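Take a look at this one chain, the form predicted on its own, written out in structure tokens.
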């Protein structure tokens, strides 16, 4: 028997894509201004937890599509990989590196190891929060 309210289910469906989009905005904004991987990851995890509360565990896992522990591990690997390019340039471990290039459709693009690290943190936060929340939700059933 489904005990969830219609208003909560509707809000969960409506807010999930908006919160995920906002979390990506916070992620991409973070290496130049306040925000970044940690707060973006918290917002993304909160979006999926809201969906979990409004629907059920299977629906939340379907939205996530992968095991949250895999997301956590991928984030850890990305964070460590972001530290390596500085070593190849004769600089200390975790020294930020920047690359600029021109893309035909997007114009000038700046990429950095800082962004790769932020994406790693983003994935670690999502994976760890969702691992905890989904484990607690499954223990309740």
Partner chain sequence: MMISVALPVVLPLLFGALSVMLWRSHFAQRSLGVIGTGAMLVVSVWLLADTWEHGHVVMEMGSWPAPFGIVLVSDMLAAIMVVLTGIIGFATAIYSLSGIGKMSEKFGYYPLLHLLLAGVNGAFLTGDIFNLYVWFEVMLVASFALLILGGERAQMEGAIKYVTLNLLSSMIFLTAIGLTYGLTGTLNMADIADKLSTVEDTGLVTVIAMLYLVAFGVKAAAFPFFFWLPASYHTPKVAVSALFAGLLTKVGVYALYRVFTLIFNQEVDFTHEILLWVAAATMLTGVLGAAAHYEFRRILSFHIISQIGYMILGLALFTPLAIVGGVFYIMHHIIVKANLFLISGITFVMKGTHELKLMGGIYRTHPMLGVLFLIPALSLAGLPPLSGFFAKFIIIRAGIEAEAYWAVAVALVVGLLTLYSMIKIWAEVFWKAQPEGVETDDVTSGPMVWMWVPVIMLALMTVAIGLYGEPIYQMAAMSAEQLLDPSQYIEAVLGESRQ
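Please read these numbers as outputs of a predicted model, since none were measured by experiment. Residue numbers count along the first chain shown, from 1.
The form predicted in complex with its partner chain is left out here; the points below concern that form.
Of the candidate stretches 105-113, 79-87, 22-30, 49-57, only 79-87 has residues whose heavy atoms lie within 4.5 Å of its partner chain in the predicted complex. Of the heavy atoms in residue 93, some are within 4.5 Å of its partner chain in the predicted complex. Taking non-hydrogen atoms only, residue 43 never approaches its partner chain to within 4.5 angstroms in the predicted complex.
Within 4.5 Å of any heavy atom of its partner chain in the predicted complex lies no heavy atom of residue 64. Counting a residue when any of its non-hydrogen atoms is within 4.5 Å of its partner chain in the predicted complex, the hits in 59-78 run 67, 69, 70, 72, 73, 74, 76, 77.
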